[in-house]
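Form predicted on its own, single chain, as structure tokens, below.
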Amino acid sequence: MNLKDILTPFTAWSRVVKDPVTIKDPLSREGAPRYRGFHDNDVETCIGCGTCEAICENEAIDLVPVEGIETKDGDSGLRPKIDYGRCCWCALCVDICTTNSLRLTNEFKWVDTDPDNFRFIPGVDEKDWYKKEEGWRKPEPNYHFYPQERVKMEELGPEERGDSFIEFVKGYSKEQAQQEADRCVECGICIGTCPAHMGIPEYIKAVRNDDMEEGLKILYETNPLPEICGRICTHKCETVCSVGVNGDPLSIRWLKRYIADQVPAEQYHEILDTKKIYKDDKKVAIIGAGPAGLSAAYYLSLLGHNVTIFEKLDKPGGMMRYGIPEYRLPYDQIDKDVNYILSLGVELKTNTTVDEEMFKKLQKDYDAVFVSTGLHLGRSTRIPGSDHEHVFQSIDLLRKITAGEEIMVPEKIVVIGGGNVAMDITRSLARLQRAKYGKVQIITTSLESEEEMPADREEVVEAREEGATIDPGWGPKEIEIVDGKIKGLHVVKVLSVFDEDHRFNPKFDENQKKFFEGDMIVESIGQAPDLSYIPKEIDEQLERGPRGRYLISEYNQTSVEWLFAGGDIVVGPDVIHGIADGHKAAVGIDNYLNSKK
């Protein structure tokens, strides 16, 4: 014991002469500005991702539907409901909130005789502290439970890839994939936006756990083309990723590719338990070996039906093989996915053109027919000069490049179009120009402005890196032809592409003009289906909707009960939509066949 210990008790006597402090009205006492009191939520900013519910150790938060808030892409339509019989005010729910919508006010007093009132929806059930400024918010900046920047995907540089068709995206290493997977908060918002409703949080968790077998099983539940989709999926899921609200969205597509790349094809049957599939006596004909047809074939085969695919071209894959350059989608990766599907007993007949007579034979010989022939016809601008022999459709050129055929590659080329196909042909021709002339002289223009172009942003950036000139916002008026040779394209400035009702109705400023020099013009403004093989008497029975597309049921059945349709001819050009369509069609065909037993 020291002297301080002896004297300390006597210091209390110094307070005897001081006036006592009494809080006369404790109920009006304010909490500290950063006190963790009751919850508030900005329901307009909140997307109902559920990270708050998932992190709550006390199970004090439930996601519930709220009247007036609808489910949509990127919003579950649910909002957190707090149970203050369980809440411990730890603020973890606020700290992990991906949108920064949730917070704790500094209000700590709530007197009520009804215990049920202590379960409420912040921001919906208004309280006295509603929108009060004081309280606990997520500290800014750089206060996050997960990294805000995605793991960068390594690629070959522009000079390395400029004259080569080898795949330029290298793929994640194990360390990179797991680091990126660690960013996932497993909210599941992405699932609703994915056309195939893939189990995205589950397969990302498998990456984190280094369990590739489990990851592959989850992929194949809803997507039998993971190598393909892991490279060229339009990844709409990433646009609604909750982590992306305040940072970079998760690299969902690349993580899908990572799983598929890790598992050798010879292990698929063992992992997916498809060594032996029992077949019934039902036969299904599929016309077209694109994503929808292959997907339908896979699931129909698992359901025990006998499937035959009829493909006009010499190899399967449809527009995936004949419309997408190999530097984006290597053919061996297409083959890996397709060969596994064929190994399930699916019969493939290539170089087989289905015409009206053969279609009638399929109707007679098979129990059901699924039509998924894609969009193989290019659309023309129909401007003066567009009938010249050196005006080409992008889809025809891409098909020839895939087949290894020689095509015209002049020194100066103009491409019309602003979508991904336009970028694909631009980048392909740029490679051929560089290989032939040592330089690139290709201009791509579109009606849409830079911000409105439908092409993926990365496609536009990479095209420019490879030497192409992208000059959007111009409308084609006339192809100039002198002495039978193309000299270039006359264009005028586009003021708007759509009217106030969002209908395609472009308006131009005829006084703002440009001339793009070129010896060859490539049109890439869209594709159309060729359905001439469907007999007239059957076609007349088929109901059609907008843009002449067939109307189908929930499971892709047309108004002719034995005929099903899907893929690009129904939902438009998108691989993941085609895969989802094939899956739904398989369910519909199975239901139809079972109803006939």
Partner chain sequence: MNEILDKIKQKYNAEDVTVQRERLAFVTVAKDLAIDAVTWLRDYEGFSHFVMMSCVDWMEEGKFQLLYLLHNPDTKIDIGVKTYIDRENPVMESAHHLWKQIWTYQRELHEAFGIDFPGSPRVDENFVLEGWDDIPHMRREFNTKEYSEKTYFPRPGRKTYDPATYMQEKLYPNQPVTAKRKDNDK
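Predicted model only: the values in this text are computed from it and were never measured. Numbering follows the first chain given and starts at 1.
The form predicted together with the partner chain is left out here; the points below concern that form.
The stretch that touches the partner chain in the predicted bound form, counting heavy atoms within 4.5 Å, is 109 to 117, out of 453 to 461, 376 to 384, 338 to 346, 109 to 117. This chain lacks the partner; the member of 134, 478, 202, 519 within 4.5 angstroms of the partner chain in the predicted bound form by a non-hydrogen atom is 202. Checked against the partner chain in the predicted bound form, the candidates 86, 436, 269, 170 yield a single residue with a heavy atom inside 4.5 Å, and that residue is 86. Contact check for residue 326: every heavy atom lies farther than 4.5 Å from the partner chain in the predicted bound form.
The closest heavy atom approach of residue 72 to the partner chain in the predicted bound form falls within 4.5 Å. Contact check for residue 186: a non-hydrogen atom falls within 4.5 Å of the partner chain in the predicted bound form. Put simply, residue 531 is far from the partner chain in the predicted bound form: not one heavy atom of it is within 4.5 Å.
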